[in-house]
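Read the single chain below, which is given as structure tokens and is the form predicted alone.
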Amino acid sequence: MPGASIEIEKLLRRHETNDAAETVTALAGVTLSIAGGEAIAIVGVSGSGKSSLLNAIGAMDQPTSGSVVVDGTDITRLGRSERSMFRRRIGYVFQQFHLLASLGALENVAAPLVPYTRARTARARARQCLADVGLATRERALPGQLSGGQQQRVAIARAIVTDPVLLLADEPTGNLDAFTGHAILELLLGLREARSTTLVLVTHDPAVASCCDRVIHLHEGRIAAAPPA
């Protein structure tokens, strides 16, 4: 299945501060097209709107106005249950691994399938995904028994177990040393190539960004033609 195409038009996201004293504009009219199967890096300083844009694409946050059209469907117009169903088509990878400490690697990877898939099928798919990320021999290992890089590999396996058309990664190498981070980036790009999955990756690391097909620079909630001086 080809990766998802994305059309973002005039995306605006405003939110109030905790004391409601002022309104902060996280996204200020972003317009962007992403082709199916493309690998995009989103870069910018802290507070530039990177995570806000990723959350809007992933239907994890509702924008104030504008549209996010994924494979012809404007996800900003979906109801709560429809948004939940849409998110099943997306794989998420975060800086924090968010693994369940009491479950082994195989069970962590199978978790997104449990409500919708028979246990035997879920475990078989999880086992294949662990093999795809190089952890076939660590199925029973608890997160606390794995290195940071191995935990991120488990998290990536969990993200791809649903065979997503879109993979969203928010600082996936941020908690890792340079060598391990490079290995994780190569893994993500290799999986994207093998599965024709669209990859949208947020990073502060120019070296990571340069490995993607295209780099989008955000500055104060807007797309900048070049990195701000």
Ligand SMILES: Nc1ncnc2c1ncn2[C@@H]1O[C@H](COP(=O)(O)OP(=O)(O)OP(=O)(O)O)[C@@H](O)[C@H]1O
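Computed from a predicted structure; not experimentally measured. So that there is no doubt, residue numbering starts at 1 and follows the sequence shown.
The same protein also exists as the form predicted together with the named molecule; that form is not shown, yet it is the one meant from here on.
ask   = Would I184 show up as a contact with the named molecule in the predicted bound form if we use heavy atoms at 4.5 Å?
value = Because no heavy atom of I184 falls inside 4.5 Å of the named molecule in the predicted bound form, the answer is no.
Residue contact check: L12 to the named molecule in the predicted bound form, 4.5 Å heavy atom = Contact check for L12: no, nothing within 4.5 Å of the named molecule in the predicted bound form.
ask   = Looking at the partner-bound form in the predicted bound form, is G47 within 4.5 Å of the named molecule by any heavy atom?
value = Taking the distances in the predicted bound form, the answer for G47 is yes, it comes within 4.5 Å of the named molecule.
query = Though only this chain appears here, would T180 touch the named molecule in the predicted bound form if you measure heavy atom gaps against 4.5 Å?
reply = Close contact is absent here: in the predicted bound form, T180 is far from the named molecule, nothing within 4.5 Å, heavy atoms only.
query = In terms of non-hydrogen atoms within 4.5 angstroms, which of the given stretches 161-169, 191-199, 64-72, 51-59 touches the named molecule in the predicted bound form?
reply = It is the stretch 51-59.
inquiry  = Can you pick out, from I34, V30, A26, A41, the residue that has a heavy atom within 4.5 Å of the named molecule in the predicted bound form?
reply    = Only one option qualifies, and that one is A26.
query = Can you tell me which residues in 194-224 come within 4.5 angstroms of the named molecule in the predicted bound form, by heavy atoms?
reply = Heavy-atom contacts within 4.5 Å come from H204 alone.
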